[in-house]
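Coming up is one lone chain in structure tokens, specifically the form predicted on its own.
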């Protein structure tokens, strides 16, 4: 029987193995921390090795030095609805106008995070930070590609690598990887939502709200019509994430902390925009776009020509380089204690989230 990984740091939870298996022998199951891992049903496995072949772990993904750009939409409403400068929406709009479709992460009705394939990209905007489940998407992507449609997939680098391995050398597939500092546990997220609203579900939650010009460093949520906000770095739950405590084990050994990526785009915040253009350092947000492929560079040029966005070349790497493109998150002993507290449940089956927030969020 195949063995997919030796330690949990060697599994991204991308579900590529599940989707490639011809015998339905691989199932994704959540561990005590809430992260999905593949399990092989021995009675169904025929030892074909496809699950091992498709796994992104240890596979080459490097590319030549990308072309870097600063991008900001000229649409004020779109800019406000975006985490940074609206680059994802601009690229997605280009794909949709060509008759394509987009796959990205959304909040479900219960605020779980999952990937969907849709022409409606409104829910795909804004950072979510929780690891999304992409396990249902490859079948839909395959169907769309077989119909001759262009597909834009946006996700974490490991998710993009998984999709790339599932559909190698497919000219109809475009990959937009996020600048990612790690993903937090869906189980921790679920417990936090319960803490906020007991048995109800918050009306909405936004990790990066733009109601003031502070580069989206506001967190906002609403419960039964009552809205609350906090500064991102003063919010205890967001501080737990910022301290890199609740991340998936593989995030601490992430191989994608480099600008050399074999995708089409890398998208994120352009934190060093002041060095490129001081006038854009106004707190409204600007996107960093790294174009890794020829097609990506052409799409970026088309967006610039359309007049829908300000697009500036960013040739000086010092202006856009950031820690998430240089080194993985660092694991500390506090992580083990955090998840021990998460898995200590009371009679109702829930953890003491107030204790967790006080111990790790301040």
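Positions refer to the first chain, counted from 1. Quick caveat: nothing in here was measured; it's all calculated off a predicted structure.
Keep in mind that the form predicted in complex with a small molecule is missing from the display, and what follows is about it.
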| item | value |
| --- | --- |
| Heavy atom of each of 112, 206 and 240 within 4.5 Å of the small molecule in the predicted complex | no |
| Segment that reaches the small molecule in the predicted complex - one of 143-151, 264-272, 194-202, 231-239, heavy atoms within 4.5 Å | 264-272 |
| Partner proximity in the predicted complex: residue 293 to the small molecule, non-hydrogen atom cutoff 4.5 Å | no |
| 4.5 Å heavy atom contact, residue 72 to the small molecule in the predicted complex | no |
| Distance check, residue 117 to the small molecule in the predicted complex, heavy atom within 4.5 Å | no |
| Exercise: residue 88 in contact with the small molecule in the predicted complex, heavy atom 4.5 Å | yes |
| Single option in 163, 173, 188, 130 placed near the small molecule in the predicted complex, where near means a heavy atom within 4.5 Å | 130 |
| Listed residue that, although the small molecule is not shown, lies within 4.5 Å of it in the predicted complex (heavy atoms), from 276, 245, 105, 137 | 105 |
